[in-house]
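Let's start with one chain on its own, the form predicted alone, as structure tokens.
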């Protein structure tokens, strides 16, 4: 087992899991958290985790961590992936660990690696101007055999390194390019729109092999999901497992957890690669995963980064192999629909619903203006459900996505 884990970033749920398990750790995060850490006796090293680049001093950070005897670094959110990769390159004496971290943080590099390895991906390019975006659309329309007068092919424009959908533009026409995009978006990745059902996986990797694979069904991306997935996706588990293992092999991933997103092809026989991250996913996915499978998924996320952990030790942190939960656990992330709100209203029908579990919504302190949602963040809380029938779970999540809890 690791001498000590360095948790890069800040996550109270992860800290609490480490404390409950009695595992050695130290938190590396911005100095702003130092007083809280000291008050609550959290081992802490204050460090400005600015965007990683050629100026970044990972060797200096490793020196600061030397008194703690750290030998495994764990990224807690998107912007800490390169920092953890740099530290683990030092701890494992393998510079490619950092190179692999770059794959997760640069979507264009990620897509090129996936394409070279044989994964099914859409048409994509790096672009540096609006003119190049228009030329990409020309080529995409040609590839899709669009006739003159037909609608333009859809595509997406994404920042190279932003988490989730931050800075993401869904372009459905040539007019959308000039209306939705501006000079501040460049450089970026543009890629064709993939049709089909979108879903994610949470694959815990150890020694280059999948130790545990969860499939998360998205009801509406950024708003609702449930675990385990319904029977339509679970029927494709072998196909999904094989494709995820292929992704692991292509990227050379040895340890940790990856969160790839996929699209089921129109014939249902193949899956197309969207993108992949290697930090804690959004949507409270690991929380749902832990509830469904009966284990601490956050703790499993941490220990899967440890090269020294044996198979027998890992068994203590994961569900039994082949176990399938009897219930599905899902949530709706609530974001106010009005431009201004003054109170929380919980529908009586929700409280009477047998599949309803709980919620963590709170009353606003008073009238409040609502800012635009960015990257599926800023939700006000979740409404949680659990039950045996995935169709009913799906129906409930769809319904409560549209309920105005804040008015």
Partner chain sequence: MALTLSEREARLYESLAAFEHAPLFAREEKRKRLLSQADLLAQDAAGMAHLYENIAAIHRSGLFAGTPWEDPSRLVPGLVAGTLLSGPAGSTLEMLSELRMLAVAEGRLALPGCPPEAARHFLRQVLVYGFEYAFSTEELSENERYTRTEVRKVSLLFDLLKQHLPLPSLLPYLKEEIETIIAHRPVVVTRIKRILEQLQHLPPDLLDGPLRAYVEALFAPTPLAQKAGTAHYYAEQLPHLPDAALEQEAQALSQQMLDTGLVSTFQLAFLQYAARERTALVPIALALNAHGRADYERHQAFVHQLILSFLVPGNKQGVYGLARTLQRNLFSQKTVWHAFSRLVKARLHPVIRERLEEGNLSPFALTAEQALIGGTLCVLGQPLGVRQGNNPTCQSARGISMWSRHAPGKLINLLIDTATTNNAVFRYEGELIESAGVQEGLTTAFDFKLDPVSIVLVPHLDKVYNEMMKRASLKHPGKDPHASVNPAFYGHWIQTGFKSVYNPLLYGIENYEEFIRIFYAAFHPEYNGGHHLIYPVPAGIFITDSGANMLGFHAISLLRIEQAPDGEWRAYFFNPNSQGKQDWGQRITPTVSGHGERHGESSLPAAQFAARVYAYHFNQLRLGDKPGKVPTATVAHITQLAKESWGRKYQWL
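Numbering follows the first chain given and starts at 1. Predicted model only: the values in this text are computed from it and were never measured.
Below, we refer to the form predicted together with its partner chain, which is not included among the displayed structures.
Heavy atoms of no residue among 1, 304 and 324 are located within 4.5 Å of its partner chain in the predicted bound form. Contact with its partner chain in the predicted bound form, defined as a heavy atom within 4.5 Å, holds for exactly one of 369, 48, 55, 38, namely 369. Although the partner is absent from this view, residue 389 stays clear of its partner chain in the predicted bound form, with no non-hydrogen atom inside 4.5 angstroms. Using a 4.5 Å cutoff between non-hydrogen atoms, residue 61 does not count as a contact of its partner chain in the predicted bound form.
Its partner chain is not drawn, but in the predicted bound form it has a heavy atom within 4.5 Å of residue 287. Residue 33 falls outside the set of residues with a heavy atom inside 4.5 Å of its partner chain in the predicted bound form. With contact defined as any non-hydrogen atom lying within 4.5 angstroms of its partner chain in the predicted bound form, the contacting residues in 15-42 are 15, 16, 19, 20, 36, 40, 42, given in sequence order.
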